[in-house]
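There is one chain below, alone, in structure tokens, taken in the form predicted on its own.
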């Protein structure tokens, strides 16, 4: 089986490979420089995942690789939902600070700074949040047949960042039952409990 992971994010690819392993051949958008850019403009994680997987699968169906092997597209949308902010940043997690300056994704440091600024008057016990991930899995031979997998990891947003590992909001997020942030736990520990790990665990149960 060959799966195109619909991302150029090296951190995300590494996490998926570590969690799934096995005899799967993984490709990424770095292997297809001519792949179309999909506008993630849906208002839900599932909507963005479905759109990205479907459009890339339809494009890949016209490429030589689709005639040579059985290919699937795996696309996900994920982000942070903070209860005190009514679920924000949500689908805007990667570009949370962009509206302050320019369009497009924002540097992690700017996203974290904006989050802390918005939560500056919120006490620690009310900083409940969760990371959520929705994965869409689409066979190139039947682009209308999407399977959806959803995972969430609950926790709290800390008063200041801790840890030098991970990416995104990891330095601010302490998962429930832990005292360290995702950025302090390390990849191997994080991959056991993360939102993406839980969604991928559902995927792994699917007969392939």
Ligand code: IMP
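Numbering follows the first chain given and starts at 1. All of these numbers come straight from a predicted model, not from anything done at the bench.
Omitted from view is the form predicted in complex with inosinic acid, to which the following refers.
With respect to inosinic acid in the model of the complex, the three residues 79, 93 and 190 uniformly fall within 4.5 angstroms at the level of their nearest heavy atom. The stretch from 24 to 32, 55 to 63, 165 to 173, 135 to 143 that comes within 4.5 Å of inosinic acid in the model of the complex, counting heavy atoms only, is 165 to 173. The closest heavy atom approach of residue 12 to inosinic acid in the model of the complex falls within 4.5 Å.
Contact check for residue 40: a heavy atom falls within 4.5 Å of inosinic acid in the model of the complex.
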